[in-house]
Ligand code: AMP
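Presented below, as structure tokens, is a lone chain in the form predicted on its own.
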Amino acid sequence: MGLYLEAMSVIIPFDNSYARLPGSFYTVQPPEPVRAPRLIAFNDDLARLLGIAPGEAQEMAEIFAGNRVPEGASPLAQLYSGHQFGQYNPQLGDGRAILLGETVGTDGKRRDIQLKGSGRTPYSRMGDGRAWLGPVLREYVVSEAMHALGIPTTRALAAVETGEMVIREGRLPGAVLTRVAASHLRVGTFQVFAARGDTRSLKQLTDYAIARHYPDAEGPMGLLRAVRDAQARLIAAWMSVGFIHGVMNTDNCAISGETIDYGPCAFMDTYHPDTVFSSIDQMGRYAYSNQPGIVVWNLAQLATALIRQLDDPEGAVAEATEIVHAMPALIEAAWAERFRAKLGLRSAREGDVALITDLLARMAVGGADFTNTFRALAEGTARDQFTDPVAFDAWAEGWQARLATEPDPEATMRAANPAIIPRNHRVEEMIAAAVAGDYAPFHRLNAVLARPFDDQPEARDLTAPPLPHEVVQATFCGT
């Protein structure tokens, strides 16, 4: 069971830039070995992009469970802090994750490879550093589905059973997820050095982030603008597919503009702007409709951290304020562009936003399924999604008049509106089956969700909203 390093047939072309930063940024630590690793899934397409040459299944299970450290890896746990539900926690960090290292893929892009659920670190606090099977499979399925939807996201490279049990609400099977990200730099990574008054580390981090993610950005305020723009586009994309992150703390907000840290996340079934699934979000801080405002708040925390490194921080406040205050309009513009396409509209005209919001209001009152209603617009059956179809008919008259001015609106709608999403009840069914030893639903979900915009008659059961007894009321982060 001991951890060891040796040359193996699995080849990962590591080039670890983060590990070359000063030791104040992380703690060097290998993952903790597990009892009996067994490979559940390996993402061959992503491996090819990363330039990874896979080996036989058991060898990969050993590596992606943390029992073997592959040649060239520089395992470490990253330091960060963050606001959790609005309250600042001065030290968080990777409490159950180890960054193995980075690769530069066949597309020339640098990415992190991280083990999640790999054991205790100095940042674990009272946690066991482990993950149980359910959240690992949820993140694998949902992150790969988001990628297929064209939404910036971390991705899943591998999932491994550990052969050990973890204690949550009971004894549950353990697992480790191998996650791939443009980086794991978070708003909280900047906050921890700003809070400590460590301006030297803050400047080094800023320079590193600019070089890695936004090489055209000029200085801290240039970085702030770039993060703002990326996050504005990301939130609009989330909203367009009915995605609810669940825990938009600053330590879960990646400066790369990727979706990161899938915990109690979910996709809406019946549309309502106040929808919340996260079991820990008792006050609805991170409800669907609150996500645009929360990301602006998060950006303000990044701005507060970044200006601490400047020689004239007070003078930078005005510029930072202007950058942050411009974000709501950027989100609204990106949102309008996404939702226009969902209605089959390529051009922008006055009255479009009112047309979109009118439909959404009617959907909320009419109990309409978010995904299926928009998909049905192209098929002429959207009225069937409403408890009172007359409400849809009254809206559709103006929409049809607007469509008459657009070229090939059906194609526009089909490209913008997925036919299938990871439905909460199907994800829960998949997890229950896996806990019982049946991974067929997991593999089926991954295969179907890889083509979200295609009509797949054989997967019609996966497109149906939940029956009343199937509705998932709450989702959990798994820690």
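On a predicted model such as this, the values are computed, not experimentally measured, just so you know. The numbering used is simple: start at 1 and walk along the sequence shown.
What follows is about the form predicted together with ligand AMP, which we do not show.
Participant: Among 366-374, 405-413, 118-126, 306-314, which stretch has residues whose heavy atoms lie within 4.5 Å of ligand AMP in the model of the complex?
Facilitator: Of the stretches listed, the one contacting the partner is 118-126.
Participant: Is ligand AMP in the model of the complex close enough to 80, 94 and 252 that every residue in that trio has a heavy atom within 4.5 angstroms of it?
Facilitator: Yes: 80, 94 and 252 each sit within 4.5 Å of ligand AMP in the model of the complex.
Participant: Name the single residue among 161, 261, 269, 144 that comes within 4.5 Å of ligand AMP in the model of the complex, judging by heavy atoms.
Facilitator: Contact with ligand AMP in the model of the complex is made by 261 alone.
Participant: Counting non-hydrogen atoms within 4.5 angstroms of ligand AMP in the model of the complex, say which of 84, 275, 206, 291 makes the cut.
Facilitator: Flagged contact: 84.
Participant: Please run the contact check for residue 168 against ligand AMP in the model of the complex: heavy atoms, 4.5 angstroms, yes or no?
Facilitator: Looking in the model of the complex, residue contacts with ligand AMP include residue 168, since a heavy atom lies within 4.5 Å.
Participant: Should residue 130 be counted as a contact of ligand AMP in the model of the complex, where contact means heavy atoms within 4.5 Å?
Facilitator: Because a heavy atom of residue 130 falls inside 4.5 Å of ligand AMP in the model of the complex, the answer is yes.
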